[in-house]
Structure formats: structure tokens, C-alpha cells
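Presented as C-alpha cells, the chain that follows is alone, the form predicted alone.
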Amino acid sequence: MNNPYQPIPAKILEVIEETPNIRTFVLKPEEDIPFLAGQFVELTIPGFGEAPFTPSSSQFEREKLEMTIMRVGRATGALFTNKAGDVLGIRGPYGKPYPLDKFVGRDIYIVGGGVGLAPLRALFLALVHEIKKYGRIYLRYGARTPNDVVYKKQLKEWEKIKGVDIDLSVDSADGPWERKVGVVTCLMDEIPCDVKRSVAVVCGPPIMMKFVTRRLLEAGFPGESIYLSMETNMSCGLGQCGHCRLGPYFTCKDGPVLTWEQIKDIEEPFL
């Protein structure tokens, strides 16, 4: 029996600086990591330990795996000392993915904030890979400033895809910026899809997710059609440590993708 705690070596092919404190690590694992959009992996940082991260690349790309990560603490600080040619470790995938079979034939309204666009990128790439299966794809993304926008070049390319509608905002702009200024909910004053026949997907900082979810509910999205990425506090990935307990759920096993219907009765689920 394979040891579930044994990571697979993965060589860093490239490190891409997305913003001053966000980097994309392009990895080539020695074995296939058959993840689906929304699942996560445990990334081993030699000499430090491991931490959970969600791949940001397409589930249909098997030769390499990408993870877009913000430097926020000791684990990510240690990770950011690594460069192309270094070897990390990966174990997984873990958790439940986005149920794409339930998205077929429906419009998909995606809202992301900050580095929360990273897991949503994996979802977006999976959707456009088979775009004829779905309705229109709406992507609403907000960052703190223009310098904090991730995937700048890719967003411009994504806007050219037929069937995709993208709108962006920043909290504040002290330089050139041609899009909206305001928190991401300013992009939700008008929701252009039929909310009763669409699905919504949200990923970002907890406070952002709280207010975006409130806005989606006000617009009429059913709770079972609002999918939330609840990665906060995940640790071991195997439901053993209890750090990610959310009401009756362990987000590492029952999520991290959970619907609002599942968590609506939990007191302060976004803390």
C-alpha cells in the first residue's frame, strides 16, 4: 500500500512573478497528478515542511502543473526562496472538485478576489477547454491595485474567447487604469445572466466572499447553485488534524468546494 504521506518529487521549471508578492510556480512532477479543478495538493518545501495549495493550471494539462501563490507567512516565505531547477514535493490530489457535470448547459458566473483567481483559473481553463458544453462564462475579478492584478496578459487573451465576458476592478488606482475602481461587488450591480438557471462560483479573501455571497443571494441565486472555495485553515489534507473543521465538515475532505446551501446554517462560516 502506498504511503499517503509520501510526496512525489516535482522539479521547478519556471517561476513567474505575477505581482510583487505573488508568483506562479511551474512544476514537472515525476508522476502524473490527476487533479480536477477545485481540488488541492500538499506542496512539500524541503527543509521547512508542507502546506496545501490549489493548482491554477488546466486539469487537461498533464505534463506540468502550476500553482500561483501569495507570500504571506513562513511556509510561503520558504517557498519563495526556491528557483527554477530546485525540487519540491507534491502529494494528492485531495478534496472534492467543482461538479462540472452540474454546470453543463448553464451560464457560469465566476467572482474572484486577489490571489483567489488562482483556483478559479483552473476552473476557467477547464470550462473553456470544452466551452460548447456550457452557456456563457462571466468572470468578475477584483484586486487591491493595478499592480496586484494577477494573470494580466492572460486576462486580455481570455477576453477574446467567444462566449466569455470579463470585467475587472481595483480597490484603488493611483496610476493608469481604464477599468472600474471599487471593491469587486461594484462589478455586480447588474448580473447579466438568468440567476435561476445559472451557477455562481466564488473564491477570494473571506470578507470578500461574505459580501459577494450576500449579493448573489440578493440577486436570486439559489443557495445550492453558489459554489464557494473554503480553503481557509486546511493543513494535513487527510481529515486527521481537525484544523479545517467547518461545522459538520472537514473542508479538506468534504470540500474545499462547498455550496452556500451546505454552510448557510454555520455561524460565521467565513471567519
Partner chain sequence: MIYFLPNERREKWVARLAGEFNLFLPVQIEGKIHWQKYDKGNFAIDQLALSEIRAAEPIKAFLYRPREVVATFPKPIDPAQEMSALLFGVKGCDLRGLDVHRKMFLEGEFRDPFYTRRLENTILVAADCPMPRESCFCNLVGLNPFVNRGVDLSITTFDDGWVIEAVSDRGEKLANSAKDLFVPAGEHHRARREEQRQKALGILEAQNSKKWNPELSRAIAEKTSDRSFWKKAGEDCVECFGCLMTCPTCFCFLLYDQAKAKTGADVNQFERTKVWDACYMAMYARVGGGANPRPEFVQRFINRFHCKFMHFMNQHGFYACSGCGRCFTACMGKIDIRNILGQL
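Residue numbers count along the first chain shown, from 1. The model shown is predicted, which means the values in this text are computed figures rather than measured ones.
Keep in mind that the form predicted in complex with its partner chain is not shown, yet the notes after this line are about it.
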| property | result |
| --- | --- |
| Contact test, all of 6, 237 and 245, partner its partner chain in the predicted bound form, heavy atom 4.5 Å | yes |
| Option from 145 to 153, 185 to 193, 104 to 112, 68 to 76 whose residues, in the predicted bound form, bring a heavy atom within 4.5 Å of its partner chain | 68 to 76 |
| Contact of residue 223 with its partner chain in the predicted bound form (heavy atom, 4.5 Å) | no |
| Residue contact check: residue 250 to its partner chain in the predicted bound form, 4.5 Å heavy atom | yes |
| Distance check, residue 241 to its partner chain in the predicted bound form, heavy atom within 4.5 Å | yes |
| Residue 205, heavy atom within 4.5 angstroms of its partner chain in the predicted bound form | no |
